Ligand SMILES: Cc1cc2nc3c(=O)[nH]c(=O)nc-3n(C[C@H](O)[C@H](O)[C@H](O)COP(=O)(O)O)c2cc1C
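As a starting point, one isolated chain is supplied in structure tokens, in the form predicted on its own.
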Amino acid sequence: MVMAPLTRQRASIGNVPNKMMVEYYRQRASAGLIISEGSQISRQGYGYYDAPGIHTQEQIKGWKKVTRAVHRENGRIFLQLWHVGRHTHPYYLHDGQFPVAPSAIKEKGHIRVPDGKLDTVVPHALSREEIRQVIEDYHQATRNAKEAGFNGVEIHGANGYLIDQFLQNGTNKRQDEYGGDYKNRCRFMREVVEGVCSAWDANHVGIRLSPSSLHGDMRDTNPRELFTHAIKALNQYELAYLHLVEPLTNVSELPNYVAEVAKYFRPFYHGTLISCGNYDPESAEKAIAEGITDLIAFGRLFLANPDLPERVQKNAPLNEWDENTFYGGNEKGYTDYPFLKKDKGENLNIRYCCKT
């Protein structure tokens, strides 16, 4: 049972992990693997207020407290490396800089800021030299994660953020080696993977993709073929895992979109596969038994049930989550979800582990 990455927006000034975050992750250390909330690899990669980063010494120190707490509970935790690309606003960036993307295509919608929403802006199309700097930022962020005591890293290539923007032709209109056919549009993803693996060996690196997500105003003319190519390309790296997100909206009537992501793409990936999206314990057991996936990542269930593995083993009732407390705020809906009451003398240490 894997804990999925969950943006909670509880970091302190300077986007530094704090005591509240230490307790939140410590409580959920019985997961076979925790994948942390997305953490920005650079100031350029920010798009959400009070989301943590992994590019300053204070952030590294804050994350060290988290990893130590998880390890004291015999848990394992990977850091998710995040760059939002065009999904941000000059409000979040240095000296009025603009968001960056593969092409200067504006995202529909708004960017949330502490006091409300701001209209999205046309992003700056990255030059080749700037692309190399972003890849270096991924490399350095991986080194920082290692210093902070994580067990590995997950590259966030899903949900309409920078890597996804390079992959899909609704956001990538480049005419150079980073645009055009599937191979070229996968180039940035592959170079990021190679940059991260040069900082930490591949069995400490995972990647997350969302082949059928429309989040972030994303579109592609043939996502089925695009992600088949991308996933096959990832086999050469022998990563710790590939993490696939099931669609949260109905895509069954959209041409070339896949409604059952893990089931469709499983034959194309030769390594460990994590599937995530709207699973309950029963459907998770079924997916694993049928060989659709190797591991299941739970998001909202782990949010509301810090002792989820124990509850599942005992077939105990599950807490319900409170959507009003998902993003930002204090301990309410964060570290105050109740644990099961233990019988006197009971001392359980239940872990559902993956090979990483």
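Note that residue numbering follows the sequence shown and begins at 1. Keep in mind that what you see is a predicted model, and the values were worked out from it rather than measured.
Keep in mind the form predicted in complex with this ligand is missing from the figure; the text below concerns it.
- When contacts are judged by a 4.5 Å heavy atom cut-off, A4 counts as touching this ligand in the predicted complex.
- Contact annotation: L248 falls within 4.5 Å of this ligand in the predicted complex, judged by heavy atom distances.
- The closest heavy atom approach of G299 to this ligand in the predicted complex falls within 4.5 Å.
- Among heavy atoms of A31, none comes within 4.5 Å of this ligand in the predicted complex.
- Look at 141-149, 85-93, 156-164, 220-228: in the predicted complex, residues with non-hydrogen atoms within 4.5 angstroms of this ligand sit in 156-164.
- Of the candidates N278, Q236, S283, Q133, N278 is the one whose heavy atoms come within 4.5 Å of this ligand in the predicted complex; the others do not.
- The candidate spot formed by R208, L303 and Y327 is fully in contact with this ligand in the predicted complex: every one of the three has a heavy atom within 4.5 Å.
- Residue Q80 is the sole member of 78-117 found to place a heavy atom within 4.5 Å of this ligand in the predicted complex.
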